[in-house]
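There is one chain below, alone, in structure tokens, taken in the form predicted on its own.
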Amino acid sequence: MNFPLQSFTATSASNPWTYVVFGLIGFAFGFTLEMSGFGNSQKLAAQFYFKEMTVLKVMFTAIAVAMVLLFATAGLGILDFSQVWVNPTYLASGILGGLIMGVGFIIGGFCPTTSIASASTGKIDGMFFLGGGFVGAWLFSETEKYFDGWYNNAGYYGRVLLPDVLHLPTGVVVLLVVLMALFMFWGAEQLERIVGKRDLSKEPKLRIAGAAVLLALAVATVFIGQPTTEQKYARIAADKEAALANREVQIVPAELFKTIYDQKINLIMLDVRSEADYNLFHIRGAQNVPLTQIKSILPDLLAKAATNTVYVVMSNNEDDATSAWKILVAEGIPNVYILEGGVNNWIKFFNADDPNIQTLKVYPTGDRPAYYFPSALGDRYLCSDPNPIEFENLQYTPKIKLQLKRDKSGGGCG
């Protein structure tokens, strides 16, 4: 049986005018780079000699302003930060790549983006640098297979944010970064004055007012804070509670069974029961993530989100699975479903009188097993992995619909 796959692609696919917006943003970005002197290799290289620190000041201004606005709007509930793509951290390859790019920047006088801005204005050095970039990309594509394992695994930390590393509130980290940026701005100007012999009296006074506004917004971000998972769910509760009540996200065991063998879908089954219950019995392929630990895997789920990934959460019945479902959807994880009736219902549906699984005489209250297992065999029971030939012609009403809410994006000098 085929699954109805409802694909929600990027907004640009449904509204062609977004291409015009993208084009205007790209033009404005390139225009700003050129007006700031970023198309001049001498100006760019001068920062490494501490004579001209415009690059550092512009880049850190962009980072600080974007960061403050990003987390301020997230704290106010205007922006869902979980839908913002954060590049996964690959520490080892990132350090090596940064060194290679840094050396290239010093020698060539450009980073990838500024070379495009320079080449587009007819500068010969920018064209040569851009051409070298294409050659380097070709060499990388031809040789990456020899170090693919190291490149994709060495120093991988997934979706990591400074608040997670420093164990500080997001607003406090934003304020600290802004203070660091302002200190670096001041230090950069002192280097320009001492090494570059620049007359800072001619610098616009408006930069002081801009720094004050940025600092004030950073302080406001501290007090605004960031929404908790519970607050995020409260904002979408009306729609999500209706979906729960209408049984739109609870899939029957038959649909889960068929999805396991559907090669078009990347299925991830999350068993949120205790480790003890999981060890007694679990569906083959299910990962054990107790409900109390479900938030700990969110960064990894967000980092590895794919258009064809479907998550199915399960518990003994539906109680804990529903709680886990609310956490996942509140944090922006797409395509999350609940196994209807939980593991108890799966066993009831697929158990063909297995003598090793005995039904309890009294159905348990709460989210507890409804069966007695003499041994902790995990997924070695017959109904843990039902025979696909025996259950080939299962009938059910399909509910799984793929939804794409965000996509990867890049930025910066890359």
Partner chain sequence: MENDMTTTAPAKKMSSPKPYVHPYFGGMVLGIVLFLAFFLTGNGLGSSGATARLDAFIEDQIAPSHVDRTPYLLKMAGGDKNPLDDWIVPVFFGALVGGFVSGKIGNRVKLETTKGPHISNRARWLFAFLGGVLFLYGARMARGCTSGQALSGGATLSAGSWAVMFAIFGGAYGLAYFVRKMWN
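It should be emphasised that the depicted structure is a prediction, and the values quoted were computed from it without experimental measurement. Numbering follows the first chain given and starts at 1.
There is also a form predicted together with the partner chain; it is not shown, and the following applies to it.
Chemist: Have a look at N351, N356, N345, T54 for me and say which one sits with a heavy atom within 4.5 Å of the partner chain in the predicted complex.
Modeler: After the contact test, the surviving option is T54.
Chemist: Of these, Q83, T229, N279, N308, which has a heavy atom no more than 4.5 Å from the partner chain in the predicted complex?
Modeler: Only one listed residue qualifies here, and that residue is Q83.
Chemist: Pick from 312 to 320, 162 to 170, 289 to 297, 257 to 265: which stretch has non-hydrogen atoms within 4.5 Å of the partner chain in the predicted complex?
Modeler: Flagged stretch: 162 to 170.
Chemist: Check for me: heavy atom within 4.5 Å of the partner chain in the predicted complex, for each of Y233, A242 and S384, yes or no.
Modeler: Per the other structure, none of Y233, A242 and S384 touch the partner chain.
Chemist: With the cut-off set at 4.5 Å between non-hydrogen atoms, does M67 touch the partner chain in the predicted complex?
Modeler: Answer yes; at least one heavy atom of M67 falls within 4.5 Å of the partner chain in the predicted complex.
Chemist: Is L377 near the partner chain? Define near as a heavy atom within 4.5 Å, in the predicted complex.
Modeler: No, L377 stays farther than 4.5 Å from the partner chain in the predicted complex.
Chemist: So, in the predicted complex, is A370 in contact with the partner chain at a 4.5 angstroms heavy atom limit?
Modeler: A370: no, not in contact with the partner chain in the predicted complex.
Chemist: May I ask you to state whether E144 is within 4.5 Å of the partner chain in the predicted complex, using heavy atom distances?
Modeler: Yes, E144 lies within 4.5 Å of the partner chain in the predicted complex.
Chemist: Using a 4.5 Å cut-off on any heavy atom, which residues of 72 to 98 would contact the partner chain in the predicted complex?
Modeler: In sequence order, T73, I78, L79, F81, Q83, V84, W85, V86, N87, T89, Y90, L91, S93, G94, I95, L96, G97, G98 come within 4.5 Å of the partner.
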